[in-house]
Structure formats: C-alpha cells, structure tokens
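In the block that follows, a single chain appears as structure tokens, in the form predicted on its own.
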C-alpha cells in the first residue's frame, strides 16, 4: 500500500493536506453509493423487466450499457446490483471485524487456555482456503444473500483475530498498561479502554481491503450459481450469464466486470489512505 502513499496529513499554515488516494477513493465510493441509492431516479427501466424485442442490443443512447439476452437494460441492472454487492460487502465484514478483534484481543491479553482456544480455532480455519470453505458452507446452507453473509462472516474473522492479537501482545507490555494495573483498573477496562484502541489500527486498515475480497467472493459465488438468487441483478451472476455471449454481446459480462473493478479500486485507494493517515498520526 505504501506505493501509493505520499503524506496524508502535514501541518502547513494551520491546514491539513489529505492523501490523494483517500480523497479519490472516498469520492468514488460516494458516487457509487449515490448511484445505487438513486438507481430508480437515474434509470427509467425495471432491472428485471424483459423485452424480447431488445435482446442483445449494443450500447446506445437509449441503453448506454446495452441490453442482455433477455432484453433487460444492463446499466439499470448494474446500478441496482451495486446496492446488493455493497450491502453484502459491508455487512459481511462487520461481524468478522468486531468478533475477530475481540477474540484476538482476549487471546493476546489473557494468554493461557483462552489464547490456545482462539489460536487453535484460527489454525483450523486457516488450514482450508477461504473461498473453498465459503463455497462449502453456502453449498450446505443453500444459495441466497443471507446464507452468503453467514458463510463469509463465519470464517472471515480469522485475519482480524491474528492482527489484533499480535498488536495486543506488543501493547500489553508497555508502560501505560503497567501504570493502569498499578492504579487498580480492572482487566476488562484495561483491555477495552486502553489496549484495544491502540491495537485496532491494523484491523481497521485491513477492513477496507477486506470489503473488496468479500465483494469478489460474492461475485464468485454468483458466478458459480451459489450466490444471490436470480433474477436479482448481482454482478457475479450477471458476469456468469454474459459469458456465453462474449462474441456478439461482450457488454453483458464486461459492464458488471468493470463495476467490480471500479469498486475494488475505490476501496483499495481508501484503505491506502487510511493506512497512511494512521501511520502519520502514530509518528
């Protein structure tokens, strides 16, 4: 991430100069979220309405992203699909972030059997590739947005636990923790009120890139037919449906693919900016 980094915040005449990646990534995400929320206003078409007189129409003024094999407007489906993929991407990282951070913090601070249980569970889940494990869980539970969220959330907490545990192991031996113990603070207050706020930064940085991974995972599940149920306009499912028409309707798969790339780039830029912001403030 340092490749994109310049300085995030630098005092200069009382003003703050923001990292360009942070500004650009945030702007891109705001535009994407706004387009998803305003989809009914931005496009006059129903994302699931079929018109067999407009099958595989090339991009035009009436249909800027063309139409698919059912005559549905691809731009409309991409805009409505943004809401689905963003919802999955954000909701599926909230539980892993909270649970993984708390589990890693508890294991790192307490040590003993608590740390053993947390880390052995982490080792077991790490032994199986993330995507393979998610596919297996979704295949067992069945396709659908809720099951995708459960599958990703159930195994996605592992990297957060590892990151926070490592930071807590470092922080708990510092002088301010010893001072808190000397003042008689309880273990829970020391961990949650003092150590965790200082150890959470790597997990917050990883959060931005993890949203990209989750969105790509959801798209992969949709491509395999294990994601959101049709005819919902989920990007992965749209790409899967368009792969059969690459010769005479490339736009059907390409447009949702570009949407995935745009979203991933936005979160990567945002995460890079957050990383440098925290790095500079920590100096």
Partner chain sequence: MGSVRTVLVFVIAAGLAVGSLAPAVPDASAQQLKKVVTFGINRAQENLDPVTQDANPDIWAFMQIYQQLVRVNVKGDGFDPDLAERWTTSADGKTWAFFLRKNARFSNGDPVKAGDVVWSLKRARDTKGPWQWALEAVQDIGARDDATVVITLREPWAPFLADVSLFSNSILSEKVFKDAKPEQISNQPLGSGPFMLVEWRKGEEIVMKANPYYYEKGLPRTPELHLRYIPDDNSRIIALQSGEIDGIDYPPFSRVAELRRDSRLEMQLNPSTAVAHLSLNVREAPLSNVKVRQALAYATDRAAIVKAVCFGYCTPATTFLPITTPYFNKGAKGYAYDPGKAQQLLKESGVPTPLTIKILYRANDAVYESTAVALKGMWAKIGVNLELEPLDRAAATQRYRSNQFQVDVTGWTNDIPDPSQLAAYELGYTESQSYHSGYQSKEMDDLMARGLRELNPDKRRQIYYQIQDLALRDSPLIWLYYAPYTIAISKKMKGLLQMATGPWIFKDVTVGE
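Keep in mind that this is a model prediction, so the values were computed, not measured. Numbering follows the first chain given and starts at 1.
Below: the form predicted in complex with its partner chain, not depicted.
Taking a 4.5 Å heavy atom cutoff to its partner chain in the predicted complex, the contact residue among 26, 40, 225, 59 is 225.
For its partner chain in the predicted complex, the listed stretch (184 to 192, 197 to 205, 69 to 77, 85 to 93) containing residues with heavy atoms inside 4.5 Å is 69 to 77. At a distance threshold of 4.5 angstroms between non-hydrogen atoms, residue 46 is out of contact with its partner chain in the predicted complex. Remark: residue 55 counts among the residues lining its partner chain in the predicted complex, judged by a heavy atom distance of 4.5 Å or less. Contact annotation: residue 230 falls within 4.5 Å of its partner chain in the predicted complex, judged by heavy atom distances. Among residues of the shown chain, residue 159 is not one whose heavy atoms approach its partner chain to within 4.5 Å in the predicted complex. Heavy atoms closer than or equal to 4.5 Å to its partner chain in the predicted complex belong, across 227 to 248, to the residues 229, 230, 231, 243, 244, 245, 247, 248, ordered by sequence position.
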